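The chain below stands alone and is given as structure tokens, in the form predicted on its own.
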Amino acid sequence: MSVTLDIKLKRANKVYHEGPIPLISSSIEVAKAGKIPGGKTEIPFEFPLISKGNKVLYETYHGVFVNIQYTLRCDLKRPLLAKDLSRSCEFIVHSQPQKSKIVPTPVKFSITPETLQNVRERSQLPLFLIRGHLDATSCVISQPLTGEVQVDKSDVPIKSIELQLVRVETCGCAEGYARDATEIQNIQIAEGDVGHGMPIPVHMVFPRLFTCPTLETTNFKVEFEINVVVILQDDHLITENFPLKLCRV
């Protein structure tokens, strides 16, 4: 008869918080040696979520060069002639909410050929004026990023308007640091030549696991940026970049 082993967490979203009970890296015996009867056997368990020494339990985050994961592993030791069983299950840690309140500060922007950076042939650019605002660049991670974009003028028809969320991971030590920016998600908020003077709503939900509160430690940093990208029919790419600070409240 085949035997299977599984771990089930009581919380459907698998989210847990640091403290007041912190995480320990240790083994606990949930059942003493003996015979398990046929059928389904459930063994309840719990343990405190405690960090070791002065270490910090950072929020769960799945990145490219920075990965923060918390895993449970259950081992079932069996007699000599039977193979031991092992099962792993990831659970999610949320950092403690910050106590101070966040006061949203709208950030306005105006994009013209003169405001663009790293442009070689500025004189060959079509004339355009794109205005808008983000309701805040200090954002609560559990709430969407919102704002508006408005095309006031464009000599060339618009092909697409997109929001690009970028994570910036910095890793290293005193000898040197490596900084790498990768796209997390891209959302199209307008397609085709939108009407001039018409406000286009900005709404982006921060993806779970691929974002975390902005993090800076001795050896690594995890930061985030948002790009408002306007693509013209002649494939000119117009981009406005905004650094974001994410937090949990």
Partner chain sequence: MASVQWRSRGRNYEAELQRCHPEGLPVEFGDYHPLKPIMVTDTKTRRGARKGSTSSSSSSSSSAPVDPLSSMLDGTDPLSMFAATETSAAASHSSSVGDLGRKRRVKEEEALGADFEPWSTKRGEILARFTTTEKLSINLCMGSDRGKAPNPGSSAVSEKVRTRLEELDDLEEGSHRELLNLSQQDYANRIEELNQSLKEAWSSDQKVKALKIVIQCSKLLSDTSVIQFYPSKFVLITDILDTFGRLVYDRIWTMCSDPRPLPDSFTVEDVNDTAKETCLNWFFKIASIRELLPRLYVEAAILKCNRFLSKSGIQETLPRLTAMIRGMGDPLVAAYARAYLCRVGMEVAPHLKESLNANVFDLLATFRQISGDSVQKQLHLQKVEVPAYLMLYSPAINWILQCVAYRAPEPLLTEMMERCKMMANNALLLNSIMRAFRPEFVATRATDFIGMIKDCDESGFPKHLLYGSLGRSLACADPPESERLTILNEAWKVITKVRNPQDYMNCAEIWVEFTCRHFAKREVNTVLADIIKHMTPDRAFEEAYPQLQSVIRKILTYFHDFSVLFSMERFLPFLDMFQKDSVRVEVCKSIMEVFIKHQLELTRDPVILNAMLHICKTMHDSVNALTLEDEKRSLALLIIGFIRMVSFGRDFEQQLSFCVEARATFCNLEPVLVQLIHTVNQLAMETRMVMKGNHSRKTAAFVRACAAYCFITIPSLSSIFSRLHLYLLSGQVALANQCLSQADAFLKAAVSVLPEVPRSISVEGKLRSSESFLLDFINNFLATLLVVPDHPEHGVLYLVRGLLNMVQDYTWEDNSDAKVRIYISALPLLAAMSQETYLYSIHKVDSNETLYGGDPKFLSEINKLCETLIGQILDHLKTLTRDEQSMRRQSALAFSLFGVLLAHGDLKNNKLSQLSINLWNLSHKHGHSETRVSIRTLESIRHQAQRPDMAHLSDTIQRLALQSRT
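Numbering follows the first chain given and starts at 1. All values reported here derive from a predicted model rather than from experimental measurement.
Omitted here: the form predicted in complex with its partner chain. The next part is about that form.
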Query raised in the report: Can you check whether residue 190 is within 4.5 Å of its partner chain in the predicted bound form, heavy atom basis?
Result: yes
**Report entry** its partner chain contact in the predicted bound form: residue 194, any heavy atom under 4.5 Å
**Finding:** yes
Report task. Please run the contact check for residue 201 against its partner chain in the predicted bound form: heavy atoms, 4.5 angstroms, yes or no? Result -> yes
Report task. Flag residue 220 as yes or no: does it have a non-hydrogen atom within 4.5 angstroms of any non-hydrogen atom of its partner chain in the predicted bound form? Result -> no
Query - Residue stretch of 106-114, 162-170, 81-89, 132-140 approaching its partner chain in the predicted bound form, non-hydrogen atom distance within 4.5 Å - result: 162-170
